[in-house]
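What follows is one chain in structure tokens, specifically the form predicted on its own.
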């Protein structure tokens, strides 16, 4: 019983720290968010942060993973409403790119995340998206919708195109003007995989 309560308390502590960090990183950015302010907002100590995440960078990684998972779920829900798997694949990529306009996503996932954590394509949260895309691509190849290319390579390229379009949009001096250009380019690149373009 004590072990269960201890695990529950640890999870609650982690959740409080992630929630406080998410607010602080969105409002101030990673560099300006102080660990003392973060832990105070969560009603915890620096020791709790170090114990659960190692350091501020580890806490950012947890926040990015949480937001990225939410982004993927939202994009997949949009894809699920599409009329065909091909349209769903495009809709999922476009939805991900469009999220670059959301201030929290823009600042934490697309600007601070890569600057602090490195290449987003290497983040653990991207692996699930990649696997989903690979399965979709395999089905589209089997159905003759896409050219018979390597599904893993195509999935990497499709996901990479959506991710980089979102990164480019977020880093633009005018994200609102960059967004339609990024979406158009993403669609054109993806359509190059069609077995019968048009």
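Superpose the two forms; the largest set of C-alphas matching within 1.5 Å is the rigid core. What you see is a predicted model; the values in this text were computed from it and never measured. Residue numbers count along the first chain shown, from 1.
Although it is not shown, the form predicted together with another copy of the chain is what the next lines describe.
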- Message: Can you confirm whether 147, 167 and 193, the three residues that make up this candidate site, all sit within 4.5 Å of another copy of the chain in the predicted complex, judged by heavy atoms?
- Response: yes
- Note on the structure: Heavy atom within 4.5 Å of another copy of the chain in the predicted complex, from candidates 161, 141, 26, 48, belongs to 161
- Which residue among 157, 35, 41, 62 has a heavy atom within 4.5 angstroms of another copy of the chain in the predicted complex? 157
- State yes or no: in the predicted complex, is some non-hydrogen atom of residue 107 no more than 4.5 angstroms from a non-hydrogen atom of another copy of the chain? yes
- Message: Whether residue 111 contacts another copy of the chain in the predicted complex should be assessed with a 4.5 Å heavy atom distance threshold; does it?
- Response: yes
- Item | residue 127, heavy atom within 4.5 angstroms of another copy of the chain in the predicted complex | no
- Item | Distance check, residue 15 to another copy of the chain in the predicted complex, heavy atom within 4.5 Å | no
- Item | Residues within 4.5 Å of another copy of the chain in the predicted complex, restricted to 176-193 and counted by heavy atom | 181, 182, 184, 185, 186, 188, 189, 190, 191, 192, 193
- After fitting the rigid core, is the C-alpha of residue 18 off by 2 Å or more between this form and the one not shown? no
- Align on the rigid core first; then say whether the Cα of residue 172 has moved by at least 2 Å between this form and the one not shown. yes
- Flag for residue 37, CA shift 2 Å or larger between this form and the one not shown after aligning core: no
- Query: Against the shown form, C-alpha atoms of residue 114 and residue 169 in the predicted complex: closer or farther, for a change of 3 Å or more?
  - Reply: farther
- Regarding residue 173 and residue 114, go with closer or farther for their CA spacing in the predicted complex versus this form, the difference being 3 Å or more. farther
